[in-house]
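Before any questions on how it binds or moves, here is one chain, the form predicted on its own, in structure tokens.
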């Protein structure tokens, strides 16, 4: 066993030290305990789930991609004590589909230019044409439409709508990562209402800070059948204990709005955290999970991302599945996969590329389409 694995909190031991005896003890049970620890110490607690006021509106339906896809421009509206909010998103659906199709949802933090709904600018960051060609729907939403990526005192976006302005902010109040994850679940609500989408086969994808978001959304919302974390690093897929590159203190000082205030007490004190990121990955079990890294992304620390996936394996096994199935890190550009988990280390820097998407799609072709014994 890798020495770092011995230092990690035990996935299969309750907080009182007793061992989890079987899958029956995992959920509900130990899984809920771990989820609550992440809410308390890392990502915070959302004050609302699906608002009763939520409404879905379709603004336009247009043929795109030389007639191969239908583009829908939609918006989700909701109300809270602080007023009204709107989350627009775009959905491409293969036009010739004869039954509901699986879907990929991208959380986009790179601006609308990289997810151009008119496809005037086609980027590898969101290759909607490739996704549609493979028979999947392709959806995308912008993080700033949920909550701004700035330390604004939590006055704007969904924080401004749902947080109480008359109370001191609690140490476990949700941060911006939690708000973005909330937005992903609202898009999932919308996809469930679309008869063109097979809502039981929806994959959620995020890169970098929204790779962290995708993992947190998938940990909380078990409707997502597949989660993809690309270059998510610190407080994403990478283990915190023994991590190289970005540390908890770095991320809390540079992005003080991302996480719960309680998380700041662990700056330079990773070993005192009651959780580590393998536990976040384990919350996705037994669903599909794909983690990807890049050779030049030392700040994210690929070795710690890979080892975290290895350390989540016991929960997949407890639930009767193989996870990744190996503890040997692959060579660059050699994707590996087990029954339910996949990993690749791409040559290059911190980015989301067509190569990454090709790997995600290949994994989904072999597993997501067959996940319900189709």
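Note that this is a predicted model, so its numbers are computed, not measured. Positions refer to the first chain, counted from 1.
Note that the form predicted in complex with a small molecule isn't included here; everything after this is about it.
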| query | finding |
| --- | --- |
| One stretch from 94-102, 286-294, 251-259, 214-222 that, in the model of the complex, holds residues within 4.5 Å of the small molecule by heavy atom | 251-259 |
| Partner contact for residue 209 in the model of the complex: the small molecule, 4.5 angstroms, heavy atom | yes |
| 4.5 Å heavy atom contact, residue 145 to the small molecule in the model of the complex | no |
| Touches the small molecule in the model of the complex: residue 198 (any heavy atom, 4.5 Å) | no |
| Contact flag, residue 109 vs the small molecule in the model of the complex, heavy atom cut 4.5 Å | yes |
| Sole residue of 194, 246, 163, 172 within 4.5 Å of the small molecule in the model of the complex, by heavy atom | 246 |
